[in-house]
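Let's start with one chain on its own, the form predicted on its own, as structure tokens.
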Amino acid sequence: MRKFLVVFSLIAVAALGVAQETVTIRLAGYSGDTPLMQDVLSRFVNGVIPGVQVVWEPITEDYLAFVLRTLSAGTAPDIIYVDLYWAKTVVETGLIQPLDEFMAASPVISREDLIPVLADAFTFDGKLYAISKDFNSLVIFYNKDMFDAMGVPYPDAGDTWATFLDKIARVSNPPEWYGASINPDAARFLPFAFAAGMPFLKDDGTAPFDLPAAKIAADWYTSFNRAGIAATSADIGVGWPGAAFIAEKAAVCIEGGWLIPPIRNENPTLNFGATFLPTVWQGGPRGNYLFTVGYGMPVNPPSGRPDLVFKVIEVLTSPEVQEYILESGHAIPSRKALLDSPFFQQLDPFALATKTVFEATGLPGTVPFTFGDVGGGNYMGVVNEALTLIMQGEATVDEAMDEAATKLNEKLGL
């Protein structure tokens, strides 16, 4: 298939009448992707697309600030990561190129090739502004050896909030390990609040955190830490709950597929499994977040060759590259055809966990990780503060969630 890419690129470039001089295309993204992107570019892009040299630019500063600043100044790279979290903000600048016409003329990728929810996620006013490179969702990771040692059944897809809490209580074994590592993190808490029936905003546009559903979810989510059967990553002495799980200091954590490569690299013999987030009650609703990042193009890419820029995007989202990334354990491909990959049929824990993350994304209750005009910083910030106060015993659930609602309304000017 790689030979096909080479032949296709040669034909396409020749047909465009491109001169033999090299066109440099700049690609900017999160610095944490540096090893993977450099590997992908060397294997599939540079030296494969004639006359094109792609330069990777890892961004260590606040990425959204970088994108907005360089777009405004006309210095943005040819290809930029567009995170669903803030995609609408960038699209509304009018400085990002819609990709529909490029896709309509492409023999390599079409909207129909993409998983529908991912294409829809980057569609605004009927136009597609980024092509999803991969995606993720949240699942429960659990340490099988710890559950076996305590004689507790593994977490499973049939768990409710009540049965999951019971299992965490029974598997917790401090100081050897906690039942779970749970942080006061809105990105983990909000799917449970939505599952309980909390709307994103009330009908009148005000904050929903003072509603009973929000308070029920907050009471349950913080109960693990308040009961001493879970601990924050800081309490355990690591940077994030995934690290506590890898270090075998917590039997459970709530993370996405991004946890799989660190497990493979740092504790490859870890005996672990993954399952869906618990439902509110038996047969009841389940929530989750869809996380995705796409490749976008400025209206005026600095290379002056939007045709070649899109050709690079084609290769980066090609079945070959997505299969390679999938097998490396970094993320789940956005092309529908890859969902039938033999990789998903493997029975090793890494492949099984990846499959679980993919399947979780398609369950009812999964919503895009985006906050629209409200702003994720505003929305999540007040929730994080409320959860922290509750976990630390500095406020009751009612007090903290009422205050969160008041603060968000103030930020919204209401």
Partner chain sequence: MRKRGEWVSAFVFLLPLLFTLAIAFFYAFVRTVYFSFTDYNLFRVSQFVGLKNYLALFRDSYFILGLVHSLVYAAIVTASQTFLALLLAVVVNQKIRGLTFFRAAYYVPSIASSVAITTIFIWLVNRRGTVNWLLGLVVQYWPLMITAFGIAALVQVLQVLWERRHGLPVKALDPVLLATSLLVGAVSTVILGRVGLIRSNPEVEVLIPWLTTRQTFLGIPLPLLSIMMLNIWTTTPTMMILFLAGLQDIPQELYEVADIDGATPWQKLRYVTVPALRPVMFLVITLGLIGTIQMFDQAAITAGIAPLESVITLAYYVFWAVFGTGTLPKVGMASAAALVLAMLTLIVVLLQRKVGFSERGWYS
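Numbering follows the first chain given and starts at 1. Predicted model only: the values in this text are computed from it and were never measured.
What comes next is about the form predicted in complex with the partner chain, which is not displayed.
Student: Just one of Leu352, Leu64, Val55, Val367 has a heavy atom within 4.5 Å of the partner chain in the predicted complex. Which one?
Tutor: Here the answer is residue option Leu64.
Student: Select from the listed residues Gly377, Gly32, Pro50, Gly362 the one whose heavy atoms reach within 4.5 Å of the partner chain in the predicted complex.
Tutor: Comparing distances to the partner chain in the predicted complex, the residue within 4.5 Å is Gly377.
Student: Though only this chain appears here, would Thr388 touch the partner chain in the predicted complex if you measure heavy atom gaps against 4.5 Å?
Tutor: Looking in the predicted complex, residue contacts with the partner chain include Thr388, since a heavy atom lies within 4.5 Å.
Student: Verify the contact flag for Gln392: yes if a non-hydrogen atom of it lies within 4.5 Å of a non-hydrogen atom of the partner chain in the predicted complex, no if not.
Tutor: So Gln392 counts as contacting the partner chain.
Student: In the predicted complex, does Phe135 have a heavy atom within 4.5 Å of the partner chain?
Tutor: No, Phe135 sits far enough from the partner chain in the predicted complex that none of its heavy atoms falls within 4.5 Å.
Student: Answer with yes or no whether Thr89 is in contact with the partner chain in the predicted complex, where contact means some heavy atom within 4.5 Å.
Tutor: Within the cut-off, so yes.
Student: Indicate whether the candidate residues Leu68, Ser72 and Glu410 are all in contact with the partner chain in the predicted complex, with contact defined as any heavy atom within 4.5 Å.
Tutor: Yes, all three are in contact.
Student: Counting any heavy atom within 4.5 Å as contact, can you tell me which stretch out of 354-362, 40-48, 23-31, 368-376 lines the partner chain in the predicted complex?
Tutor: That would be stretch 368-376.
Student: Can you name the residues of 163-199 that have a heavy atom within 4.5 Å of the partner chain in the predicted complex?
Tutor: The stretch touches the partner through Tyr178 alone.
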